[in-house]
Ligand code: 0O2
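Before any questions on how it binds or moves, here is one chain, the form predicted alone, in structure tokens.
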Amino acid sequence: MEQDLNRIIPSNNIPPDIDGVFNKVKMFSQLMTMYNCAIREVQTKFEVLNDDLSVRNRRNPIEMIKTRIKSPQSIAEKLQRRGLDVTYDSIVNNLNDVAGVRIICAFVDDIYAVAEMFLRQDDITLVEIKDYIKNPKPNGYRSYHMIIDVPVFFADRKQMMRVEVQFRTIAMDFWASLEHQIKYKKSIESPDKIFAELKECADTIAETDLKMMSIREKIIFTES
């Protein structure tokens, strides 16, 4: 065991609290596993809902489901920005977006319909809603955010886990992805001009989403 440890950490650099360090690493790894399990629970719920709606309505309102877990670096940086300790309890008690699920819908009204159906499930607890579709951010960002608690059944207990669920149309998701890439570029010429153009694109996308929804309604009316 000592030889294995020395391969990882030279003996002259081993901190005196090495057992505590390994214990914290183990706890963090277990916590990330729990968040991953919560993501799978939420993803499965949306997949079942989408399958059911495809049979009932002959249409899948959900185009795509994306998932992600915040990286350790992102978690630590967010806690530090808030002046909080980087600990197991601090992560659980102060961060709502460690586990994330993104639901990409075809139309804006699908977002609200699917979100409402999801919240009707009796094991889902709603914590918070932020509607950036009806109330876009100043930069043009549009999305529908929910913070929810979902039960996850582990070997010896049931644990309520927190997950952030974001709903977007395909166009909203494309815009947000582009904005995110540009936002973290350090060498942008005329950044104010670029972000003004992005805001114009966001407004155009919003108008297009509404027009597409109107066209769909006309097609449905014609078919009926």
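The shown structure was predicted, so the numbers you read here are calculated from the model rather than taken from an experiment. Sequential numbering from 1, following the sequence displayed.
Below, we turn to the form predicted together with the named molecule, even though it does not appear here.
Of the residues given (199, 162, 45, 70), 70 alone sits with a heavy atom within 4.5 Å of the named molecule in the predicted bound form.
Checking 193, 59, 40, 183 for any heavy atom within 4.5 Å of the named molecule in the predicted bound form turns up a single hit: 183. Comparing 110-118, 126-134, 148-156, 83-91 against the named molecule in the predicted bound form, the single stretch with non-hydrogen atoms within 4.5 angstroms of it is 126-134.
The named molecule is not shown here, but in the predicted bound form it comes within 4.5 Å of a heavy atom of residue 176. With a 4.5 Å cutoff on heavy atoms, residue 169 does not count as touching the named molecule in the predicted bound form; it lies far away. Counting a residue when any of its non-hydrogen atoms is within 4.5 Å of the named molecule in the predicted bound form, the hits in 70-99 run 70, 78, 82, 96, 97.
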